[in-house]
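First comes one chain, alone, set out as structure tokens in the form predicted alone.
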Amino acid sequence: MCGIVGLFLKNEALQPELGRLTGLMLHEMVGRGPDSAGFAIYETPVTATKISCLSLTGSTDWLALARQLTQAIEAPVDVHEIEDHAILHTTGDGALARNRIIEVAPDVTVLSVGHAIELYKGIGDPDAIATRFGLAQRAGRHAIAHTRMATESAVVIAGSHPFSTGADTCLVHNGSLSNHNRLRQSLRRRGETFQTENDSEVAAGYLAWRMREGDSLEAAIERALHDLDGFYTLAIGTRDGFAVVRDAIACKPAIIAETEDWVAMSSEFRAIARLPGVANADIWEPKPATVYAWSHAA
């Protein structure tokens, strides 16, 4: 099952409402994925790098970790704790910081790194997770979120979406990849670092690699259509953009709606039906193997 939602705001006046509207959409996907949930919020980019982290034990000494990072990346690291999560802020090298955390802190999962993204995830009721991390109060430019039903694996945080391995790039996935083990090995040789065995993290790593190589978001997804073997609907976020793609068979559900103020997608229309102005929206089912993308960039 699993449910995915994405909301891209074209009207800046709606940015204070991003979290609340995303929460309304996420609520409608609880039935598709009651086991765990996560969401990524893209705020206006800032100069400092933000590193979203999750403590697997709930007892991580974040200040001690920040001191280690400060020495490793030769830049100050500030910590903002939110329950079992922490957002680290630094002017140093975000990629170097991510790799250092993975190396020295086995009790921590690095959820995201970037200048705009913050990412949160948890086990249990998606509505409760949204409340825990204050989703309804969050402002921003676009967001993606996911509810999971663990039909083929244990209910663990390692299986929760979104996944991110590259700067300000993350995705949520409904479906399954058949070649993720081979791709994971190939991507590791190209410098990607993974923290789980989840196939969705491989898809995120693939896009991060292609964009690091210079591909645009659209070009990276076009390549993915040839290199990701399986069935999937992906909703993808970047620093400035948002995209949706389905595989060539397109057996996983998806719907997109667009107005002058926003673009939204979900596994089911009922999540979109709660958005303001939906009565005037253009609504369609995304075609197989077709990239749909929007950007805030001029």
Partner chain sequence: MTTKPIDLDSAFLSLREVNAALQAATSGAFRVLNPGGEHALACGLDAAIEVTIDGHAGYYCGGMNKHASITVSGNAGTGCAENIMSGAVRVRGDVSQSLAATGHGGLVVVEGSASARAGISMKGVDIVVGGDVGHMSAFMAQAGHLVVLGDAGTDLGDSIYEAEIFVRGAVASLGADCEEKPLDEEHKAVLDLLLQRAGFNVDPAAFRRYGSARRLYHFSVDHMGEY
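Residue numbers count along the first chain shown, from 1. Since the structure is predicted, the reported quantities are computational estimates derived from the model, not experimental observations.
Beyond what is shown, the protein has a form predicted together with the partner chain; the following relates to that form.
Exactly one of the stretches 63-71, 46-54, 33-41, 243-251 approaches the partner chain in the predicted bound form with heavy atoms within 4.5 Å, and it is 243-251. Although the partner is absent here, P16 sits far enough away that none of its heavy atoms falls within 4.5 Å of the partner chain in the predicted bound form. None of the heavy atoms of R239 is located within 4.5 Å of the partner chain in the predicted bound form. At least one heavy atom of E268 is located within 4.5 Å of the partner chain in the predicted bound form.
Although the partner is absent here, E285 lies within 4.5 Å of the partner chain in the predicted bound form, judged by heavy atoms.
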